[in-house]
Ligand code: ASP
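Here you get one chain, nothing else, as structure tokens; it is the form predicted on its own.
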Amino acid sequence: MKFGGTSVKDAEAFSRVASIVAGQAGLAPVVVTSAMAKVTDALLAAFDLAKGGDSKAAFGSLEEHFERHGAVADELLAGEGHSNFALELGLAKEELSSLLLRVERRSLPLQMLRDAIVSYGEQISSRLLTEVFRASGLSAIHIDARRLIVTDDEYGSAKPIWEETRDLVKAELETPIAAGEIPVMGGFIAANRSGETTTLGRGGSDYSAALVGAALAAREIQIWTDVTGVLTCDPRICSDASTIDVLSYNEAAELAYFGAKVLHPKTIQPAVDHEIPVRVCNSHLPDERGTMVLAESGVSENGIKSIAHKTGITILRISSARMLGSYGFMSALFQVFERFRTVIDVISTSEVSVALTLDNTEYLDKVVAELERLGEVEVERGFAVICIVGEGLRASTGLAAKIFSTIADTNVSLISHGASSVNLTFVVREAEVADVIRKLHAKFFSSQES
């Protein structure tokens, strides 16, 4: 059971989580928690302040978040539980103060220090949640995730080493589970083989839960968030967006990658590898079924399960007569993106040109400079990717025509169809994305169109 930051944002939320877990206590749950809402961002901002030379101001900026944790403890804990957490919070403050000073002095590699600092969100919230469980009558034990998940040395987005992680999870958790205890751990955080703190990337708490679930051969992995499952589209765009009952792993992976924020893309893989169902639940409405993600989900009646989107997209167009009838051109092109660790979302090719989209433009200038050695490069900003997902979509006769006729008055800049059996992706101007999604949702999901 993984609980996101909004599920542990205040005393009421912590109490709600304890109630939800109590309802599953007979099923031997393992609990993974994110940092309290807004804390990760605050820790990253503090790191930046310290890097700029003011570790004192950096530490001071965290005080309100220490107070938020303390307020939860004051409301929900008493006696030994309150004392235990106060001690842990005091130690965390001392350690964070020291780490921020090290950042200011550059006494260790900054990426290493950044991971160590940002890990405290999950460290503190998991300690607090353990004490809240105990105060609620649950037999809970805190487990430091850094003793379970072993990664490489890629700070900021570390890759787990599966065999070592599996063996440690089983060794550390099977005994307390058998004894009826509920292990509680922070998500997102891990350690490399040297014992230095690493992190799994933003949203990595889902990944932590999937890794632990896979290692223990769990009955299911539950992702508790603030929405009821995966929706037919972004409810901020369509207020009538509804919960999808069942998705396949492939559908969920496509939706996660193309902007559906409910699932982290990496979450899917450990579940896929070990055929473990993933359920997305709403911690505010725990009795709602949510969305179940399975190996197979079947084809929906209208051919579409959901519409996802990503904004802030940049299109690159590379044109070169050298492409015509030659080999090796695409390899040279992809090597440029590999060198700058820049991910391509959508790609389309012709005989003499390639068009592709990026959402990370950190190294755009350097990428363009390298690409100009291969041909003429055109950069266009202000686009959005729309991803339509449904099992069997590629094989559905006439479905693509129905989609594009619905938005016939919209200029589509790029289309990718056929690479995946469950995904049709296209690119439009960012200013038009909400209107396009509303039209498609009305056509395929609204009752008057069904």
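Numbers for residues come from their place in the sequence shown, where the first is 1. Quantities reported herein were computed from a predicted structural model and do not represent experimental measurements.
One more form of this protein, predicted together with the ligand, exists but is not displayed; see below.
From the candidate stretches 29 to 37, 389 to 397, 420 to 428, 47 to 55, select the single one in contact with the ligand in the predicted complex, where contact means a heavy atom within 4.5 Å. Residues of 29 to 37 come within 4.5 Å of the partner.
Single option in G375, G303, G203, P277 placed near the ligand in the predicted complex, where near means a heavy atom within 4.5 Å: Partner contact (heavy atom, 4.5 Å) among the options: G203.
Among E131, E254, D115, E122, which has any heavy atom within 4.5 Å of the ligand in the predicted complex? Exactly one residue meets the criterion: E122.
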